[in-house]
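Here we start with a single chain on its own, the form predicted on its own, put down as structure tokens.
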Amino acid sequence: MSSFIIRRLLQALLVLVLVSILVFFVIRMLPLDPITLYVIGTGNMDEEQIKFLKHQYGLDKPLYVQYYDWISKVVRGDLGQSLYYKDSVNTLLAQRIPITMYLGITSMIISISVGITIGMLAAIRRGKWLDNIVSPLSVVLICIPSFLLGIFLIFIFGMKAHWLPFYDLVLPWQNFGLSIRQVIMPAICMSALGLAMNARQMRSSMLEIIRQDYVRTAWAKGLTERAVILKHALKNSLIPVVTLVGMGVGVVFAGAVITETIFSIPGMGRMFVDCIRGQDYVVVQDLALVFGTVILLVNLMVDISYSWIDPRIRYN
């Protein structure tokens, strides 16, 4: 197991290097740089001031030197200075990571717990009313775009019913009641796709498992339905669902970009969008590395969990 973890960590490091190179050069293929955009916005800077700003932020250096300067600072824990926000990226992330993590963890809890539960119940009660609701509803949730679902929720529950606030997001330790009301619609918007995928995969996997001989043997021995499902069928049904959960982390970060923009939530997703618009090279590069690191670590944890779920799985 230890050799497998070390090998996967080395692979993850290589992937992060490739991601950093790709993001670094792709964003610089855009027609304008952040200093030029800033000058267009202000309109009162001469050529000398423009050259000074480019020299100050290192934009007048060759690309390979800029990449080396950036990545060497990242290794030392210095994420640089934001051109758009005029502040340290470390400070910006310290302010915004808790908000995105709060929203992301809440949506993951909803998508995993609710998705697995209703998928399992739909499989056990195949052809009954619950299955007839879960199956078509999951298809609808998979097909509907998250931004359209967010706009629909805002229109119905925010603007018409006035039940839930649809802007900003405070953390639970700042104002618990307001935080719960604010997080409901964004969490539903972010968890809808993962919930539907988990439900469909759990239903399919459970239907396959309950037809296995050892499950029939458990029924024949007179075990209760609860014992057969929870002790014999559930655990073996989770492997494909766990794979989806690992993939769902990437979906959560992608959803955060859209959801935080729609609901005006000051998290990493909204900052990512703002910095892409302003071509803030440093923040876009840093956020891409943060997102990539989290996704790779979660996928590693998912791979390790396979051997816990199914003891027959061994890593050589």
Partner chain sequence: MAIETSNAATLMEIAPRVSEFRRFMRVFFKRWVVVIGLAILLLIFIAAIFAPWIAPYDPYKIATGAALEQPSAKHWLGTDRIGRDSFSRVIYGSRTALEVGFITVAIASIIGILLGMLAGFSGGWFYIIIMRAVDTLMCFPGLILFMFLSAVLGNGVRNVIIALSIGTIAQYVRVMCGLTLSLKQNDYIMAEISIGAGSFRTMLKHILPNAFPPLIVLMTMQLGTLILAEAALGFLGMGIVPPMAAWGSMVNDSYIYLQTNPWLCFAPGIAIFLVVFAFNMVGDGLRDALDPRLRGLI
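Positions refer to the first chain, counted from 1. Remember, predicted model here, so these are calculated numbers, not experimental data.
The following text describes the form predicted in complex with the partner chain, which does not appear among the structures shown.
- Contact here is defined as any heavy atom lying within 4.5 Å of the partner chain in the model of the complex, and by that definition not a single one of Ser113, Ile133 and Pro240 is a contact residue.
- Looking at Arg277, you'd find a heavy atom of it within 4.5 angstroms of the partner chain in the model of the complex.
- Interface membership of Tyr102, defined by any non-hydrogen atom within 4.5 Å of the partner chain in the model of the complex, is ruled out.
- The partner chain in the model of the complex is approached by Leu14, whose closest heavy atom lies within 4.5 angstroms of it.
- The partner chain is not drawn, but in the model of the complex it has no heavy atom within 4.5 Å of Phe176.
- Along 90-119, a non-hydrogen atom within 4.5 Å of the partner chain in the model of the complex is carried by no residue at all.
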